[in-house]
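Consider the single chain below, provided in structure tokens and representing the form predicted alone.
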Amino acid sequence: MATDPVFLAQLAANGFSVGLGYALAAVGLALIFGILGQVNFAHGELYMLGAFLLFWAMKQLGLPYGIAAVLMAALMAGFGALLAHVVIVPNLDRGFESVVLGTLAVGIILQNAVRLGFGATPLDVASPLESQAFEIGGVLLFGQRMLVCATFLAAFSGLYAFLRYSEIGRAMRAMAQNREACVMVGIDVRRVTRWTGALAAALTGLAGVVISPLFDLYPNMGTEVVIKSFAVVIIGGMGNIWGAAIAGVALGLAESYAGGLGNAAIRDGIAFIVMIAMLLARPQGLFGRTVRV
């Protein structure tokens, strides 16, 4: 069974979709660090918030999945801009620990607010693609997992184009290289910070929107996501969005093959084994460099 080419291809397909989900969730974290040099410890709670807001929009407002997903991504962008304005902007010239403590506090508040509003009982989001499956050469491609892949490719392409060709995107890239020089030439670093927070939260919330139908929703669901996201950005190179994408796919494939060919119990440990090995062998990550975006 383990050497069956169709079985190996199925593991690759599953791992690829999981890896792109990891990458989509981690890119926002890499973006914050790459441009602002800060770490957002509320990252997992932003993922969780996007998923629960999707559930609320579908159940309470009666919106179809597609419309609710787009609306939630937009709302998360606004929330990310607000978070950056309130927590990150006032601490840009202070110590690194100020943003760490501030975002950690926001994460705790969000998690408990969701627990108060929705309860601790696991919930379920229904997607029209969840029950869809396609077979190609004996390999099953599940509809929601294909949506995760398509969403990542669209979001990453859009992010790359935005960073390369828009005025604010060029300012974000300049700030990633030298914030002090940006101030000297008149770039509004506070505006760039808010845009960075908005994009990072939109991407993270979008990950929650497309991945949540595959799993149950519960208030501390972001904990595993933020741990895997940290592993991905450390492996790929802190602040490097291309590194996060490649490391996410590699991690998804490694976990899929470890679970399918080896012991499923070690699957969740793969991320940390690779992360520790990377820190020992190459602390800057696979694609760590001075210019990170």
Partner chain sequence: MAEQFVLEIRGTTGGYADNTVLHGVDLAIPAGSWTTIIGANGAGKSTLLKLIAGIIACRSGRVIFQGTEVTRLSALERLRAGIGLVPQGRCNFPLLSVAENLLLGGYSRRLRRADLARESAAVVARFPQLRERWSVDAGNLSGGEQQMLEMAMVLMARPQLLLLDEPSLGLAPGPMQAVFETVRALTAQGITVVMVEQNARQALERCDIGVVLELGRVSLVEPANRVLEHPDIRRSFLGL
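Since the structure is predicted, the reported quantities are computational estimates derived from the model, not experimental observations. Positions refer to the first chain, counted from 1.
The form predicted in complex with its partner chain is left out here; the points below concern that form.
Of the candidate stretches 128 to 136, 78 to 86, 203 to 211, 167 to 175, only 167 to 175 has residues with heavy atoms within 4.5 Å of its partner chain in the model of the complex. Cys182 is the sole member of Leu71, Leu104, Leu92, Cys182 with a non-hydrogen atom lying within 4.5 angstroms of its partner chain in the model of the complex. Among Leu110, Cys149, Ile187, Ala155, the residue placing a heavy atom within 4.5 Å of its partner chain in the model of the complex is Ile187. In the model of the complex, Arg115 stays away from its partner chain, with no heavy atom inside 4.5 Å.
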